[in-house]
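In the form predicted on its own, a lone chain appears below as structure tokens.
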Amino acid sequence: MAMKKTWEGRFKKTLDPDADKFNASISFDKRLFKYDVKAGMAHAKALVKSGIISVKESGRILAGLRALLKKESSIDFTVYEDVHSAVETELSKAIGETGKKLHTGRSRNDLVATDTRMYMMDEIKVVMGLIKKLMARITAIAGKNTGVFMPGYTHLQHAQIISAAHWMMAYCSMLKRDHDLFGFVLGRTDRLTIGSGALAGSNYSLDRALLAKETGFKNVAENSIDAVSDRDFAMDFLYASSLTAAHLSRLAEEIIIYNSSEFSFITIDDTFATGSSIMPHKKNPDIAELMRGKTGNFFGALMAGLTMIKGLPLAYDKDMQEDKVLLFARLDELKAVLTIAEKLLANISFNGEKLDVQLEDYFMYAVDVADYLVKKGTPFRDSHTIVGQMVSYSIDNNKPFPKFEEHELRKFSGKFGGDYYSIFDPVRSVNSKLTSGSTSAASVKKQIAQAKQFIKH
């Protein structure tokens, strides 16, 4: 049987059961329980400081709220409309009439925003920790594969030779940006809204600095109307989650491609692959495919959130109840995807022999050949044209670059000498890159060291 509503005094009839079920948020906002209790503790301290309740009353409320935290698992939340009414009613049941004084000077409008912000601040830190854990896995893999070489691609065609470590560290760079972005979102979420009331503020002189300190906020919302209607922090999280999901989807896509029979660059351990119900030989990269597939959920939630707040009149509207549906589902899924991505990478290995075969595409040395001529005084644009002609000749004569004889080389440029043949070495090629952030061994090792330093802090 549903409990009485905290707002039912004005009504002559009870809410239709279907409307009641449709209106209720307890099924998802009950996860805010301990934050609602914590906000209540802070509010009780502010009320006693303002002389609204006595020290004795405050003590009873605080003791009652602490007791509620211990009995959370035994509360029947299904009888309540939302987590706020659950806390208020359970408190009053436990300590009597004094419990009814806790809601003085506040509204569910400012309370839900505060609860959600507190919850998300804690959860964002968890997400940031998972991102760092995934970065640590990537740096570990990269550190073991600085001497493994593979094709680098543009337009999904062989471009230049890179190290497998350099490829991995590209994703580490993406994740670092994701970590930084969530740090930004954390800062935007850090804003106390209690004291804003329903929208106009409170009739009581509540110490908002005290409220902020007690609830863990560094900042206090400046405008009470904006405070109860602001869901930018939710949109920020949905956007950051979408971008992280997109990065993980790109990683998953390459794992899927590189695991295919056509590539076979990597092998996925049996513990992270599945089979076919009809084809006995199949070994499918289902985990990576789900990582890729779930990305649409994040994009959809972001669009749903933006649509939810579009055109909403100030201040609070019930539409905003849906923010938690979007936030909580994507939060749970993001943590799951980050966790499984780290485990998946721990169960992937590079196939050196298959990669070595790919390196026999000597056109990936074309830029190295062009730069060889540049170093001998040929303008780059001219050397580009010369090497392009060499590529055409190689295709027409089915003759790879290293097999060109000296008299053939002289047809293209008199600057070719015997040292031309030393170009076609993957170690030499990657280490010829001199800029920071490049695929050279020195650069990649520096990238790994910098990432490890970032992960530590």
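All residue numbers refer to positions in the sequence shown, first residue = 1. Since this is a predicted model, take the numbers as computed values, not measurements.
Same protein, other form: the form predicted in complex with a small molecule, not shown, and the subject of what follows.
Trainee: Which residue, F298, W167, F149, Y316, has a heavy atom that falls within 4.5 Å of the small molecule in the model of the complex?
Mentor: Result of the distance check: Y316.
Trainee: Which of these residues, I124, C172, V112, A240, gets a heavy atom within 4.5 Å of the small molecule in the model of the complex?
Mentor: Exactly one residue meets the criterion: V112.
Trainee: Check, residue by residue, if S25, R108 and K324 all come within 4.5 Å of the small molecule in the model of the complex, counting heavy atoms only.
Mentor: Judged in the model of the complex, S25, R108 and K324 all sit within 4.5 Å of the small molecule.
Trainee: Of 136-144, 80-88, 273-281, 348-356, which is the one stretch near the small molecule in the model of the complex, taking non-hydrogen atoms within 4.5 angstroms as near?
Mentor: Selected range: 80-88.
Trainee: Is there a non-hydrogen atom of D29 within 4.5 angstroms of a non-hydrogen atom of the small molecule in the model of the complex?
Mentor: Heavy-atom contact with the small molecule at 4.5 Å: present for D29.
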